[in-house]
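Starting off, we have a lone chain in the form predicted alone, written out as structure tokens.
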Amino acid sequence: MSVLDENIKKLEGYLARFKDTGILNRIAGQDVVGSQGAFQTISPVDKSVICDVAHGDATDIDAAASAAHDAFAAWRDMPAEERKSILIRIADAIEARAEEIALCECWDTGQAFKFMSKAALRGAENFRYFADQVVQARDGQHLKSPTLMNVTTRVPIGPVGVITPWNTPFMLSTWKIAPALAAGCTVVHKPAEASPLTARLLVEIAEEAGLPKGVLNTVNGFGEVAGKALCEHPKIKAIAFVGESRTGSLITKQGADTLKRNHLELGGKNPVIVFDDADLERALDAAIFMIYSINGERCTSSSRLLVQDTIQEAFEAKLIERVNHITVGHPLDPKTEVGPLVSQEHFDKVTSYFEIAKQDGATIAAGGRAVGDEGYFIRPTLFTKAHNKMRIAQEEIFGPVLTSIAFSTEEEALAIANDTAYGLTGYVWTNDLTRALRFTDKLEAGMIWVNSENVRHLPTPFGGVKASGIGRDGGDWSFEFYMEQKHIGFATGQHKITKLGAL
């Protein structure tokens, strides 16, 4: 039996439990059907129905928010070491079920097992990292003044809403939920409707690891109903969202009346800039990895290649050859590098840019076509002879599609790189240290890697500028979002107090 066949057989075993009951909402530790009935989650591999999913609405969100509100005080006041132990047990349980999580995620999203096999372990890493920060999360500063001993501390903000996307849903859910729980907040999680499977696994794992009922609640549904209700709910004090920029704008509006704190991790049209003095082989490897891995469906993908004109022809020739050899196939096959896109809607969006590229005057140098008729597969695609005013250079395609643009000078490269509404990441390839320092100082991006692909380091700030978002995740930045800063001043003597109305 091949590894693919073995993985399919294992997946069937994991999914069997959902055939009869489907995926239910989880509120206050209880399974709850959706107030609007159910919808179906579809596998992008063969367009088959995976199972029914509870269709939640404002009624379900209200119940979940109330559960999170009721559970908050006890979770907030639990000794830090106890909360830390629970989070570590969650990390251990994620690792124990990593294969189940990975296979379910592949089938639900179309992501290749090659990458999803590691995503579950990254989820465990998120919980373990933030568990280690629990004890000192509330620590503050001692700021002495002439008359007062001033101390600061932090307290959890309260029940929070977490809205996660469909591209790497398990890892991104843990990236948001782990620090919220570590801070002492309770959570209402609204997963993406296109990939709800692993959100169910996460809440099960958490409760089995000892997380009290109501601390993590999961409500499935659609953004325009369930998501909107979560953003507007008065008992929810903050919203952490990952998704597209247009939705981030809506979330800001929806939370305005309740003065909701928002953390928005949004879209990108990220440049990878390759100068002619760079290590071109490593630059090639990194550029290919950052756009074609994860099916190109990630916010940090390097979707614009800015290559110096002195090396453009040779670099693009190697690029075309490599792109044409990327393995597209069944996501459960370990040899597969690119799987199907997540849904019919997204498939239609991505493939529409093939014609847009032609109309703009670009050349489809590789790919640019669908593959087969069973699922939502396309060939990895490369557009050349492009310029930065084209739609393919300005709009977030969010698929395995790269646009190559030539530049001649450092100044031109910087102007092109910054000429976009987005500002999430940038990748700079040069062996000139002074150029790297100049360029990164002026590049409009929240995160920049020099001579590297995106290598995540949990203590560092993660987030973008411009239309790519508001706020930062990672390390203490996560706690700054999920906690309120408090100042207490203690008088150190009997300083003079101005008397009013004294006789």
Ligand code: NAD
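Fair warning: this is a prediction, and the values are worked out from it, not measured in the lab. Residue numbers run from 1 along the displayed sequence.
Beyond what is shown, the protein has a form predicted together with nicotinamide-adenine-dinucleotide (NAD); the following relates to that form.
**Q** Please determine whether Phe398 contacts nicotinamide-adenine-dinucleotide (NAD) in the predicted bound form, using a 4.5 Å cut-off between heavy atoms.
**A** So Phe398 counts as contacting nicotinamide-adenine-dinucleotide (NAD).
**Q** Against nicotinamide-adenine-dinucleotide (NAD) in the predicted bound form, would Phe222 count as a contact residue? Criterion: heavy atoms within 4.5 Å.
**A** Yes, contact at 4.5 Å.
**Q** Is Trp166 near nicotinamide-adenine-dinucleotide (NAD)? Define near as a heavy atom within 4.5 Å, in the predicted bound form.
**A** So Trp166 counts as contacting nicotinamide-adenine-dinucleotide (NAD).
**Q** Does Phe439 reach nicotinamide-adenine-dinucleotide (NAD) in the predicted bound form, with heavy atoms at most 4.5 Å apart?
**A** Judged by the heavy-atom cut-off of 4.5 Å, Phe439 is well away from nicotinamide-adenine-dinucleotide (NAD) in the predicted bound form.
**Q** 103-111, 147-155, 365-373, 189-197: which one contacts nicotinamide-adenine-dinucleotide (NAD) in the predicted bound form at 4.5 Å, heavy atom to heavy atom?
**A** Result of the contact check: 189-197.
**Q** Only one of Leu202, Val350, Ile288, Ile251 has a non-hydrogen atom within 4.5 angstroms of nicotinamide-adenine-dinucleotide (NAD) in the predicted bound form; which is it?
**A** Only one option qualifies, and that one is Ile251.
**Q** Can you pick the one in Val428, Ile177, Cys185, Cys299 that has a heavy atom within 4.5 Å of nicotinamide-adenine-dinucleotide (NAD) in the predicted bound form?
**A** That would be Cys299.
**Q** Only counting heavy atoms and a 4.5 Å limit, does any residue of 263-281 reach nicotinamide-adenine-dinucleotide (NAD) in the predicted bound form, and if so which ones?
**A** Sequence-ordered list: Glu265, Leu266, Gly267, Gly268.
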